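Only one chain comes next, encoded as structure tokens, the form predicted alone.
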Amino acid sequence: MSIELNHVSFCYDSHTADEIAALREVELFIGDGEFVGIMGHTGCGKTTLAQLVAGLLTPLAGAVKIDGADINKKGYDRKLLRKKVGFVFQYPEHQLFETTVEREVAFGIKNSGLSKGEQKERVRAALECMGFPFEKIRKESPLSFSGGEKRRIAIAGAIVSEPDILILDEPTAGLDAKSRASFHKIMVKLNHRKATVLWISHDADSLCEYAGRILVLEKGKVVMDGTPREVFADPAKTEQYQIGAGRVRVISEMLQKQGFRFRQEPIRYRELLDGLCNHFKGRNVIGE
């Protein structure tokens, strides 16, 4: 499902002395099924953009379109928008409130028109997608799980409606390495099911691994838009926009200072590992 922003602007505390311009004349098109990373320092407009796409905010100017339809136009079916777009906040586990895991995940499709049997199967599929054994945990309290498990339960609640667009705001913040790795695999699986994914993150390594495209925001504008390799090709710009180079880039730069040569700058762990393996097998060029 496509997303389009036409000259979109948004201000907090509009028309007051405390007015803050969060987005300025943003022009953007995201195609059906794209996996897009969104980066930028705190306050650049990332979360505002995501909330506008989800219909949680209304633009001060311009239009937000989902599959060509203006979601803020009079007569647009907002219930349809809720079915199309799933939004996972930075700490979704803080919003858990139901008495059982099954009821928690089912809340998003409570008034969907699905039969009880259909709802149960949707909940089962969502929890199993998150790596949970449905029958074993369905009657447990969602508050009894670990932090990473709570987050996966919350994400199951976001995908249970099978949204065409999934928006994630720093979904792996605070998770341990194992939980992050599991989450990454789940996002790839959802994207392979043709969901359009918008992933807000400061984690350059993860976005380079999984996103096909990265947007960088600065002062409410999109200042970079390209593949991970294109975005991270210029160290001066990554420093200027405070998006970080990532551990792969840092390691490769350290190696180059020691005399290693790269045919192409590694941006993913596999590229770095393959280059190292080739080097220690006696090749002259690392990264081939």
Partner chain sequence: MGNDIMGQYIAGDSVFHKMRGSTKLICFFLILTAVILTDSAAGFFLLFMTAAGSAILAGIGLRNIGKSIARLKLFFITIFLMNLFFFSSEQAWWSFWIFHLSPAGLEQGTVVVMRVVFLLLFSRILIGTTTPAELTGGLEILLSPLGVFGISTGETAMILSVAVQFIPILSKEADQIRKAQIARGAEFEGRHFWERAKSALPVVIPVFLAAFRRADELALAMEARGYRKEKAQRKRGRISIHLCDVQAIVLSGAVCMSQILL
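Here the structure is a predicted model, which means the values were calculated and not measured. Numbering follows the first chain given and starts at 1.
Absent from the display: the form predicted in complex with its partner chain. The rest refers to it.
K.L.:
Only one of 114 to 122, 201 to 209, 83 to 91, 181 to 189 has heavy atoms within 4.5 Å of its partner chain in the predicted bound form; I'd like to know which.
P.N.:
Among the candidates, contact is made by 83 to 91.
K.L.:
With the partner left out of view, is residue 256 within 4.5 angstroms of its partner chain in the predicted bound form by any non-hydrogen atom?
P.N.:
Contact with its partner chain, no.
K.L.:
Since only the chain is shown here, I'm wondering whether residue 95 would be in contact with its partner chain in the predicted bound form (any heavy atom pair within 4.5 Å).
P.N.:
The answer is yes: residue 95 has a heavy atom within 4.5 Å of its partner chain.
K.L.:
Considering non-hydrogen atoms and a 4.5 Å limit, does its partner chain approach residue 36 in the predicted bound form?
P.N.:
No, residue 36 is distant from the partner.
K.L.:
Mark residue 173 yes when one of its heavy atoms lies within 4.5 Å of a heavy atom of its partner chain in the predicted bound form, and no otherwise.
P.N.:
No, residue 173 stays farther than 4.5 Å from its partner chain in the predicted bound form.
K.L.:
Within 4.5 Å of its partner chain in the predicted bound form, do 164, 239 and 268 each have at least one heavy atom?
P.N.:
Not one of the three qualifies.
K.L.:
Though its partner chain is not shown, can you say which of 136, 194, 79, 73 has a heavy atom within 4.5 Å of it in the predicted bound form?
P.N.:
Comparing distances to its partner chain in the predicted bound form, the residue within 4.5 Å is 79.
K.L.:
So which of 66, 26, 57, 248 reaches within 4.5 angstroms of its partner chain in the predicted bound form, heavy atom to heavy atom?
P.N.:
Looking at 66, 26, 57, 248 one by one, just 57 meets the 4.5 Å heavy-atom criterion.
K.L.:
Using a 4.5 Å heavy atom cutoff, which residues in 213 to 240 contact its partner chain in the predicted bound form? It's fine if the answer is none.
P.N.:
Not one residue comes within 4.5 Å of the partner.
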